[in-house]
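The chain that follows stands alone, in the form predicted on its own, written as structure tokens.
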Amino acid sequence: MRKKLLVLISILMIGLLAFTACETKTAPEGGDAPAGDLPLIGVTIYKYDDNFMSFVRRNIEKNAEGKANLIMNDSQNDQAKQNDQVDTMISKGVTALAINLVDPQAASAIIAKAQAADLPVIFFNKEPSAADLNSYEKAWYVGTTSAESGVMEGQIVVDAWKAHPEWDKNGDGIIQYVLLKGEPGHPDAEARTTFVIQTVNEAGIQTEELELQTGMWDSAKAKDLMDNWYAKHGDAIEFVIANNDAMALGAIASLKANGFFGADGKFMPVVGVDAIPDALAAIKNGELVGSVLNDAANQGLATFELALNAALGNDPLAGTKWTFDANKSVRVPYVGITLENIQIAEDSYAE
């Protein structure tokens, strides 16, 4: 009887450990402290199947090894779900929160939860308003300067257009373009849409917008839009501009189905933002003119380092290379990427 009881207890313990392992990522031993003493950090990602955010997530997890335990959450693009996840993480005793908001307008609600529990919160990639961020002394942000990516993408368009006069199919000196916009209201989508065209115009190149619609950062939605646009405008389209690489790659898939990038040399210039690995392959294949490196490795590193310091009660910047701007934000710089300097982007994904 005693032996059976011991077997039953062992089975129950194995089941409990398996359940816990599914919920948290426990760092291996050999870090700054034994695994049982590592701080517990709660992390949410607005949706796991976002191409770029998948790389940020992996870098947070990689940097946490041996230094912290993580509770990871896929918010599935549902702000109500994310709010519930934050409540659950707080109840489980996290010592810091790292939040990739579904909706930037929800920052105040997340801050209220963190403040009530006296927890530090690091927002990343989707930026809260300055008023929200400054409403709580233990709230900070890790991200980019949104306008910078639009300016760099615009410069790629300018340089490529000037180098290839044959892309001006009707010879009018004007770029007839279609633009795939990200999520409406998202700071990156709004800034990239504005500054890419502004940069081209400031370089003395006239533009004509044939279409501008949201593809919601999504390849499949972008492909559908490009299918419709090409059916409507055909070869009157001279440039495809996308707010991110996922949509640029969706547009390329549509264009391939319409005979572009094949043996006969039919070509359409396409640009994106993020410089994810699939986009780098497309640049090498001559299907993507260029992209802008949105540095997932350093965004993940900065997010984790600030969260770890905050969880340990230290200054969030202690021992890091980061600095805050006037709005309590770490700004990870972008880099414009074309075939000429593609190694910079490839190095950012190296293990």
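As the structure is a computational prediction, the values presented were derived from the model and not from experiment. In case it trips you up, residue 1 is the first one in the sequence shown, and so on.
Heads up, the form predicted in complex with ligand GAL isn't pictured, but that's what we're talking about next.
**Student:** Which among 180-188, 151-159, 227-235, 167-175 is in contact with ligand GAL in the predicted complex, heavy atoms within 4.5 angstroms?
**Tutor:** That would be 180-188.
**Student:** Select from the listed residues Asn125, Asn73, Ser254, Thr214 the one whose heavy atoms reach within 4.5 Å of ligand GAL in the predicted complex.
**Tutor:** Only one listed residue qualifies here, and that residue is Asn125.
**Student:** So ligand GAL isn't shown here. In the predicted complex, which residue out of Met53, Ala310, Ile283, Leu301 has a non-hydrogen atom within 4.5 Å of it?
**Tutor:** Exactly one listed residue reaches within 4.5 Å, namely Met53.
**Student:** Tell me, yes or no, whether Ser291 is in contact with ligand GAL in the predicted complex, where a contact means a heavy atom of each within 4.5 Å.
**Tutor:** No.
**Student:** At 4.5 Å, heavy atom to heavy atom, what parts of 246-279 sit next to ligand GAL in the predicted complex? List them in sequence order, or say none.
**Tutor:** Stretch hits: a single one, Asp274.
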